[in-house]
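Have a look below at one chain only, the form predicted on its own, in structure tokens format.
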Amino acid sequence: MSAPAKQEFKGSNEYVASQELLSAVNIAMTLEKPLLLKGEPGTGKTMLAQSVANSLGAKLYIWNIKSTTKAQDGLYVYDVVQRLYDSQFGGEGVDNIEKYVHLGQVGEAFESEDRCILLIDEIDKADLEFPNDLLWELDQMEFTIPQTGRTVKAKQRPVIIITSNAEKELPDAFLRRCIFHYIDFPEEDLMRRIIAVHYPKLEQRLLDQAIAAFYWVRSLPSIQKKPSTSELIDWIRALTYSGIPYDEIQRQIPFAGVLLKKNEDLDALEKAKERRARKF
């Protein structure tokens, strides 16, 4: 496995990142350790991997983790059912076991001739032992396929980005091997920069009203699922199409179902609006 040329991630026009996040990415690449990202949904954890890949001109491999995902799924899959089927119905090459072994996203990333980006997305959805089952492979950058005896070894150590929504705690042994960064929810200045990427010609009054209303909704203690950046972007699109007077945005919070996704939160918003109206 050859040493990769020094690379640096500086962000992109499509992805606005804080200086702390940029530093975390570059430290992880320099130390050749996985970057573990935590943060509430909608803070751009998954999009970061695509941005890094675009910035470095590297291929992106995405392994989406589910509750039923096993560590081996990302390494390889041995299709024993297809082999059995072929043996029963006279298929050719049944004795060639390699034919029935298919590499997963980790395996494909290891076999890449060029340095690539490997995203292990929402690792906390899997069971508690899942991260520990990957320790050897992520440390040594190799694994063996028992059915064939072949060892798959990384030709170039990939940049590994792992995301977690903190649904459950990850094992200490796994955490020790990662560079950790928590993505804070964007403050107003950074949020304005993010919105400018999506709506470069947005009217200032609409932006000001939407931002003020959005952060007011997020500040309500009774809201269980606070709206995220992606929901704000969708909401602004709805506002631009609606033609609603800008001065009414903060008072009405129209199309609240774009921001809030629970009945309890919508009810809480209506009560907060009523309390606010009585004050004024």
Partner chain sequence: MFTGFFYYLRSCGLKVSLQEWLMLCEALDKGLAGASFLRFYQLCRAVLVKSEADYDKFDTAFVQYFQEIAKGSDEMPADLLKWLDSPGQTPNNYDEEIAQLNSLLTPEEIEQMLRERMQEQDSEHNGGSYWIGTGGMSTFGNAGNSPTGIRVGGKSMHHRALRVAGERKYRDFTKDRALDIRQFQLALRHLRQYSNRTDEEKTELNAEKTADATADNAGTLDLVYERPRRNTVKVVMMMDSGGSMEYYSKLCSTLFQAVSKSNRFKDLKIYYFHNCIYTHLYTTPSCSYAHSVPVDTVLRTLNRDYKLILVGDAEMAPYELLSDRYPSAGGVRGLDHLIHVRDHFSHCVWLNPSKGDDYWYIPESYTAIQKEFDMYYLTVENLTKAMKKLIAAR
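Quick caveat: nothing in here was measured; it's all calculated off a predicted structure. Positions refer to the first chain, counted from 1.
Another form exists, predicted together with the partner chain; not displayed. Remarks below refer to it.
Which of these stretches, 79-87, 154-162, 114-122, 141-149, has heavy atoms within 4.5 Å of the partner chain in the model of the complex?
-> Result for this chain: 79-87.
Any of the heavy atoms of residue 23 lying within 4.5 Å of the partner chain in the model of the complex?
-> Yes.
Verify the contact flag for residue 102: yes if a non-hydrogen atom of it lies within 4.5 Å of a non-hydrogen atom of the partner chain in the model of the complex, no if not.
-> Flag for residue 102 set to no.
4.5 angstroms heavy atom contact with the partner chain in the model of the complex for residue 237 | So residue 237 does not count as contacting the partner chain.
Any chance residue 19 has a heavy atom within 4.5 Å of the partner chain in the model of the complex?
-> It does: once the partner chain is placed as it appears in the model of the complex, residue 19 has a heavy atom within 4.5 Å of it.
Could you check which residue among 195, 71, 210, 179 gets a heavy atom within 4.5 Å of the partner chain in the model of the complex?
-> That would be 179.
Interface residue in the model of the complex among 222, 64, 30, 242, criterion: non-hydrogen atom within 4.5 angstroms of the partner chain | Of the listed residues, the single hit is 30.
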